[in-house]
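Below, in structure tokens: the form predicted on its own, a single chain.
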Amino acid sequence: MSDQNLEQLSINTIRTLAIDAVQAANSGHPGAPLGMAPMGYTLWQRFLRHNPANHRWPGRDRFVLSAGHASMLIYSLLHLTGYPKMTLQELKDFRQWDSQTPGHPEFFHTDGLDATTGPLGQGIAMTVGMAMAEAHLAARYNREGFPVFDNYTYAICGDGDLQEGVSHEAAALAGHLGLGKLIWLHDDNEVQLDTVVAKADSERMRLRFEGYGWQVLKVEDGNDVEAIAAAIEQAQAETGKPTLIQVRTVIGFGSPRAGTPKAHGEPLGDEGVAETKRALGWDHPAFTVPAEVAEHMSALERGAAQQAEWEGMMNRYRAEFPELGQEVDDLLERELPENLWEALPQWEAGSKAQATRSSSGEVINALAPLVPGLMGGSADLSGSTKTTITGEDHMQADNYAGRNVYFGVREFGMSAAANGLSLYGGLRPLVGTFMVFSDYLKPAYRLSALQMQPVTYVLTHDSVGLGEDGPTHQPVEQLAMLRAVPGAHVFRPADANETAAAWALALEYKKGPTALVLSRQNLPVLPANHDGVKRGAYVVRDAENAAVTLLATGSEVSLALDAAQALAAEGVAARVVSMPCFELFREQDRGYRREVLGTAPRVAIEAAASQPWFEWVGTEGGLVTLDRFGASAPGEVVLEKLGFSVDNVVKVAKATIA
């Protein structure tokens, strides 16, 4: 068989596996894989460095199928290139319980995937972070003759990805940074789910991306493997700009629905599958992989050789640069220093009050020299969020080694890029903005949790205590929103010492993101209790035969302490509990939770929505919370007017125990 015929047979194998799996599941998206198959084949067969026997090999290229609805494309490629767990049976079990082939690609679920995709736009946005990571780590650790970090980052995206706003944020950042090893292939099929693209979008994509500082290439025939390959080679040759390759494809190629929205999101039906196979010249039973295709597509031998070459180079690197070699190894394993907790800044109880955002800044700068993977920045608010690593440069196109990043006013793009920085491996990204703008980054925060990525979100100006900026900038419901995300840790520390402990716990947590919710206003320094913070909640003031337990977080802990003192003056014994992290407290054994919460009626005190507190106070407990928007006035005035005063806490506590 000629090489050209073998290529076409391989492409049609990808296509038919995809439509067979969608038909077997009676669910899925057959149209995109039919059109994208030549793109996927060309990239994976001719260019992509990967080893199916070791899907986490650090020297591999990164690939993200941002158009995640086309998941059968990548599942077919994983099977054909030799990923051991991606058996033919897994393709037959597409979208079934506990299979390796869920409806959209999921990181940590299926070997060979570099990101979870499905929420459109986020896949390509994450590749910006991956490309940033490669450039940053290469600048810091590569030495002449030792390209430790030297890979391309590829994505295949659709019109839906490029219409989502996060694509604009991420692409603009990538162009600004000149990420020359970032290559996006656009499945330019002129069709989306509802209609043809022209009825929903009239952007001139080339001009848009050239305006960002990208190279834009065009492949007129998405079935032309040589043209696709030539475009990828041209993209690789452009080292100073990222590249968008527009590949004109036909959605549902070969099917009765080709070129129409009906090809997008439903099975073709038995007759439709049969007709498609006839059009492709395919005369095999369902889920057939011809032997010559299996041999041709396997990347096991090539991948093993590529990994062995990289590992040999790494061994020589370790020998010539032992300290750097150890640092790279520790970085990739996300090892933390043994003295992490001892290195934390400490504050004496009763010392000068300070905002927890300022305490956080001190902690960042104390830990940064010990945690080389710590890097990041804010959405144009580094001075306010205190997220700058002092003495380190800012990452720019002429200096990728900088550990600080100017993300610009791009909260969503920043956080999606941070997911990519983390997914690349080794780095521990931090991102910062005002707490109220967590609304803008929430979809990426959710994917941090879904992908179990240890991104740290520094969210400052955490309550109506912000003051004069008023309701638009004063968060109310955002804490409840963040706490609702499975797998995420949310800390609202009461003072500088709790903030330090929260940072250490954020760095130790490897199974998801951490949100540090920090104050703008100064807070009194309380006695340090790192063990209590580790357990999510602890008693900061006990009382014999307590009549009421005051539960509080953040700035309201000191308010609770003042209220407990006022209650004591009236003969009412009150226990005070600081609850910096609901999630950690929930993980404690029942005995510890009972010990901390006690048996007395409880009052929750937090300048945020009441909803999360019913878990701890029950339906009969008291609430000093906030179920309305704020107001513009000095912060202390707003807090008092909205009930966050000693007098009101005392009033609610008495009513609760009456």
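Each residue number is its position in the shown sequence, starting from 1. In this text, all values refer to a predicted model and were calculated from it rather than measured experimentally.
Keep in mind that the form predicted in complex with a further copy of the same chain is missing from the display, and what follows is about it.
- Although the partner is absent here, A198 is a contact residue: one of its heavy atoms lies within 4.5 angstroms of a further copy of the same chain in the model of the complex.
- Although the partner is absent from this view, R446 contacts a further copy of the same chain in the model of the complex, with a non-hydrogen atom inside 4.5 angstroms.
- Contact check for P119: a non-hydrogen atom falls within 4.5 Å of a further copy of the same chain in the model of the complex.
- For A609, a non-hydrogen atom is located within 4.5 Å of a further copy of the same chain in the model of the complex, even though that partner is not displayed.
- In the model of the complex, every residue of the candidate spot (L207, Q396 and Q478) has a heavy atom lying within 4.5 Å of a further copy of the same chain.
- Among the residues M297, L450, A504, L559, the one placing a heavy atom within 4.5 Å of a further copy of the same chain in the model of the complex is L450.
- The contact with a further copy of the same chain in the model of the complex, taken as any heavy atom within 4.5 Å, belongs to F412 out of Y424, F412, Y457, W184.
- Of the candidate stretches 485-493, 366-374, 244-252, 326-334, only 485-493 has residues whose heavy atoms lie within 4.5 Å of a further copy of the same chain in the model of the complex.
- Shown here without a further copy of the same chain, the chain has S378, D380, L381, S382, G383, Q396 in 376-397 lying with a heavy atom within 4.5 Å of that partner in the model of the complex.
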